[in-house]
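Quick heads-up: it's one chain on its own, the form predicted alone, in structure tokens.
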């Protein structure tokens, strides 16, 4: 059993009072962070920061935050802050997070943790030295189905895992399900390496890799194919050049010997935001599909095997990442998924990019 790490006393000096939180990066996703933190008991948002001063100011006014800044260092110096939520574009995760860790702040960082495993390792080491709560926002860990299914797999409910199917499908390049991506920087930056994007693999592939490996265990080897499709004349709109992957497929072998396929795309009409996972073992199969439900999964095992019959398992609610982050700070203990987990997933991403470049299987560094 994994031992729960205790956070040093200096990081829990306000355990009896509200955690003072700053949100760094005030784009679209930051609004969700603000909404969720507003609902967490023992949390008070005190500052917002963005390189765009007007956007930070508007965000702060919208969410009733007293202070707004366009400079992180100035914010850390002028406002009393216990923790930060980093919601910047991917390329800014490392520099912003390191700056906050040096100031002794607890950090919740959006995924992916960094642009590569080397940078993720620096962040993990810095967080460990700082002795603060550190989390990566793998948001689908909040679904009861994945938490319950992971326990079932570890209990041996389906025997030894042999085969895994995992997919994350989105439709926004093929539709206007979330608005017209051609007119919104929130989506345009995700298509451009110059703006810090690692494509569908780095943006949502990181989620499905975490989702699949959380119950099954680490990936030991993979073969990856990435593809970028034509989306606009000349492959760009304004300052955004569309050069990152839109689709990714990974054939993987897990450390336990199981084989699997993990894939993701933004070209899946009819699927606004679908995660699906099937885990097949020697004594049964667990099946999850977010378009069916996220608070239950299906299982075929025992006497049902010979009839290929399925039963639904209803799962107990679990706290979301925002609640876990604040609870860990106030309680003086570590929380998951932490930076070490983010680094582990980043190593899989690095191997995937290396495999695509080499057109060959690649071992995942451990």
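Numbering follows the first chain given and starts at 1. From a predicted model like this one, the values you see are computed outputs, not experimental measurements.
One more form of this protein should be noted, the form predicted together with a small molecule, which is absent from this view; the next part is about it.
4.5 angstroms heavy atom contact with the small molecule in the model of the complex for residue 290: Heavy-atom contact with the small molecule at 4.5 Å: absent for residue 290.
Residue 21, heavy atom within 4.5 angstroms of the small molecule in the model of the complex: Judged by the heavy-atom cut-off of 4.5 Å, residue 21 is well away from the small molecule in the model of the complex.
Residue contact check: residue 110 to the small molecule in the model of the complex, 4.5 Å heavy atom: Yes.
Residue 165 within 4.5 Å of the small molecule in the model of the complex, heavy atoms: Judged by the heavy-atom cut-off of 4.5 Å, residue 165 is well away from the small molecule in the model of the complex.
Candidate stretches 218-226, 123-131, 87-95, 149-157, one within 4.5 Å of the small molecule in the model of the complex by heavy atom: Single hit among the candidates: 87-95.
Sole residue of 60, 328, 45, 30 within 4.5 Å of the small molecule in the model of the complex, by heavy atom: Exactly one listed residue reaches within 4.5 Å, namely 30.
Contact assignment for the small molecule in the model of the complex, among 186, 77, 272, 282, heavy atom within 4.5 Å: None of the others qualify; the residue that does is 186.
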